[in-house]
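We begin with a single chain expressed as structure tokens, specifically the form predicted alone.
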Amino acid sequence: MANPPHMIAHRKSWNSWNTSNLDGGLRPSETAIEDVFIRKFMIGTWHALFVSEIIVKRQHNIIRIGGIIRRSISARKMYFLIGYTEELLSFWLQCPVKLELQTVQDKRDVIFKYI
């Protein structure tokens, strides 16, 4: 969000590279659908807790999901949701899924730089 629209392609293009089609991979459309599914599942499971975008990272056969959430639920519920999410997504996507979440007290604690 810190770049003007005409500079995004020059400075942030590496964020949108699809690495699933390197070396003759045949999964670019499946990867896009899986990413949409993951984001919708996370928004539904972690309802009104995310204060940032959901980041999906793929490394070899592991999917890492990152984001910033609010501290509005107890630690016990948060640990349950982490295990629940990792287990279901691992089963559905047939590969290990790891959540990498950070918490903030309030949405105003997340700093965005707007131009």
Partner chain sequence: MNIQLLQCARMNYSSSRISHKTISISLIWRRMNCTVGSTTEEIVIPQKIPRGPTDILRALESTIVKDPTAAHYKFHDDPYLIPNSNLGKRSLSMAQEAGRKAAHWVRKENVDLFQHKEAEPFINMFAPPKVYKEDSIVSIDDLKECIEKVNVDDSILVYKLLKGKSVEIELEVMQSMLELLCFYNSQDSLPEEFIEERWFRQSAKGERQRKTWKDGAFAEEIFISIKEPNAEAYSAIIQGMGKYYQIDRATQLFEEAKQKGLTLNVNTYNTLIEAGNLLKENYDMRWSYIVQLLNEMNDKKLKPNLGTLNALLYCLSSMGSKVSKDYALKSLSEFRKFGIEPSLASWSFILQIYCKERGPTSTILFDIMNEIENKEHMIRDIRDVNFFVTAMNICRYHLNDVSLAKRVDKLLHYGNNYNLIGDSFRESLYYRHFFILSVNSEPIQEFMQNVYDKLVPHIYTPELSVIEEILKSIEISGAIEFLPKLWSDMIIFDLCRKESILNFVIDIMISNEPKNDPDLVEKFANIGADIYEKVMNQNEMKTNLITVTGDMLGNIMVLFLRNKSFDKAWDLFITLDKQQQKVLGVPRFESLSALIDACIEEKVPSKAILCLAYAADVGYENVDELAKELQSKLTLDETHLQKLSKIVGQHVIIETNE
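Numbering follows the first chain given and starts at 1. Predicted model, so just to flag it, every value in this text is computed and none were measured.
The same protein has a further form, the form predicted together with its partner chain, not shown here; the description that follows concerns it.
Using a 4.5 Å heavy atom cutoff, none of 29, 48 and 54 lies near its partner chain in the predicted bound form. In the predicted bound form, its partner chain lies farther than 4.5 Å from every heavy atom of residue 106.
Put simply, residue 78 is close to its partner chain in the predicted bound form: some heavy atom of it is within 4.5 Å. None of the heavy atoms of residue 35 is located within 4.5 Å of its partner chain in the predicted bound form.
Among heavy atoms of residue 73, some come within 4.5 Å of its partner chain in the predicted bound form.
Along 89-106, these residues reach a heavy atom to within 4.5 Å of its partner chain in the predicted bound form: 90, 91, 92, 94, 95, 96, 99, 100, 101, 102, 103.
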